[in-house]
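Single chain ahead, written as structure tokens, the form predicted alone.
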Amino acid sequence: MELQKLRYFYAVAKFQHMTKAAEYISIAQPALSQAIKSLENELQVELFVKKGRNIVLTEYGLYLKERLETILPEIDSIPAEIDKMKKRVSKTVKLNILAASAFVINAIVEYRKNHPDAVFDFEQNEQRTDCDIVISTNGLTHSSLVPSVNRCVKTERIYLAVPKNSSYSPMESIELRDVRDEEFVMLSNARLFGVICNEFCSKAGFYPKILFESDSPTAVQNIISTGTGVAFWPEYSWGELNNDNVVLLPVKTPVCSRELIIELYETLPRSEYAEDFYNFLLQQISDNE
């Protein structure tokens, strides 16, 4: 059934008068009558019957009119809803955060202070392909059917967090092998950062003694904040360590660092904030250097 024919029928059903309906919808009466007849032929039922000089709805016509009273307003609201959706989509930045999640979340909070209408849709999924921005690190591969239009690689130093009351805290830097007998607070090997840190220890000639191990970066950070054990702390990824009981020391050997890879993709539809937020992320890293 053609939507136009249904609209014509509904107008006639409201007025129950062909001439008045034709005048209301600005169509010639013969054309309106023909459209109604065509609809009746399609449905194989009569929708109107004559009653004197007027017409009245049949049982089928009454049913169709009642259905259209719900359906037509819903159809008529679609353009406004699509327009509203377009505006929301244009303000939504799709992020795939495979590394440095705390840093990115903090950046989102700061960015929205000046762009309160910006919306962020983010997840951690190496297979996701419809992102505006992907944040990853070396050792991770993510699939994308769209080549990146901008790509920035930043070296992130990995510090050693030690208790302030330890003999290490006055040092300007440290050899990783010097803490081989200490207990470590670590992310498990289920997380890439945990794997990377175990590799640092292996290069220093030992396997870390684990005081506490978790899949949660937040849990690890909380334990470090108590000044218990020693731990690795990424320069950007976990944000600033605000705890007077802990000191961050650069590691002289082995070199403890990884790459943060921030990529901007040309997705459709493209968020109006995507490129601006990409540049904001780069600026946030530069401000922390």
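Note that the structure is a prediction, hence the values are computed from the model and not measured. Note that residue numbering begins at 1 and tracks the sequence as displayed.
The next section is about a form of this same protein that is not shown, the form predicted together with the DNA.
- Comparing 224 to 232, 254 to 262, 237 to 245, 52 to 60 against the DNA in the predicted complex, the single stretch with non-hydrogen atoms within 4.5 angstroms of it is 52 to 60.
- I27 is the sole member of L68, L249, V45, I27 with a non-hydrogen atom lying within 4.5 angstroms of the DNA in the predicted complex.
- Residue contact check for N41: none of its heavy atoms lie within 4.5 Å of the DNA in the predicted complex.
- The DNA in the predicted complex comes within 4.5 Å of no heavy atom belonging to A11.
- Taking the partner from the other structure, the DNA in the predicted complex has a heavy atom within 4.5 Å of a heavy atom of Q4.
- The DNA is not shown here, but in the predicted complex it comes within 4.5 Å of a heavy atom of T19.
- Applying a 4.5 Å heavy atom cutoff to the DNA in the predicted complex picks out no residue from 103 to 126.
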